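Quick heads-up: it's one chain on its own, the form predicted on its own, in structure tokens.
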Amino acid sequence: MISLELLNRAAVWAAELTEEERERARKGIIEKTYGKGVYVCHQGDRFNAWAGVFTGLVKVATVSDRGKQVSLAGFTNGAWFGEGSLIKGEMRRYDIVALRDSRLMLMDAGTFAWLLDNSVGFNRYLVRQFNERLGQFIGQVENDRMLDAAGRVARTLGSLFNPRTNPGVGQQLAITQEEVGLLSGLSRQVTNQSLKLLEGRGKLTVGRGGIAIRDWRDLMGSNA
């Protein structure tokens, strides 16, 4: 189990719980560290935990019928994910891999189910979470069908900077061009060109410490 202090730091949704619910939540969470390139779970695994990223960067991806890896989403500090598979009681339909050393919070399925059945605040959070997820995946379909490379990079970064799903990010993110490319499904060279184009249009600033933005919504609405 984790401490109440760590729960409050790692989970923005904890603020919506009662004292009893927070106590139940912290007792049902463990923390685990995954090294760069390590799989948290593979497609087809029964991974019975709701996961939160305390620090790090993870990618959710699948493999198409033609053997091409398709990036579905990226999650960084403050993001919690995997609730759909737990609610449906199914095996994971995607791979989860750490793109850098990552410290995750893992809530067991029993605790998740108890909060789902007993906590109004927890359910409010999940409804907002599902709404954001739906918007992201609709955008992902648009990325694949309509947007050029720069537009795909913009949408990928916009999702990472979205404070509703990654509340611990702020307006600057320590991320490499290689990581952006892995999340966007693009080569490092194309990613570099796309970032320069977006920077030239005032949508972001690329520095040695990562990427800074003014407003994540500028990126989500970008067709570059």
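Start at 1 and count along the sequence shown; that's the residue number. Superpose the two forms; the largest set of C-alphas matching within 1.5 Å is the rigid core. This structure is a prediction, so every number in the text was calculated from the model and none was measured.
As for the form predicted in complex with the DNA, it is not shown, yet the points below apply to it.
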State yes only if every one of 82, 89 and 120 has a non-hydrogen atom within 4.5 Å of the DNA in the predicted bound form; otherwise state no.
no
Just to confirm, residue 177 within 4.5 Å of the DNA in the predicted bound form by heavy atoms?
yes
Close approach of residue 200 to the DNA in the predicted bound form, 4.5 Å, heavy atom:
no
In the predicted bound form, residue 149 touching the DNA (heavy atom, 4.5 Å):
yes
Is residue 196 near the DNA? Define near as a heavy atom within 4.5 Å, in the predicted bound form.
yes
Exactly one stretch in 55-63, 24-32, 187-195, 156-164 has heavy atoms within 4.5 Å of the DNA in the predicted bound form; which is it?
187-195
Just give me the residues of 24-49, first to last, that have a heavy atom within 4.5 Å of the DNA in the predicted bound form.
36
State yes or no: after fitting on the rigid core, is the Cα displacement of residue 12 between this form and the one not shown at least 2 Å?
no
Assuming the CA distance changes by 3 angstroms or more, are residue 101 and residue 182 closer together or farther apart in the predicted bound form compared with the shown structure?
farther
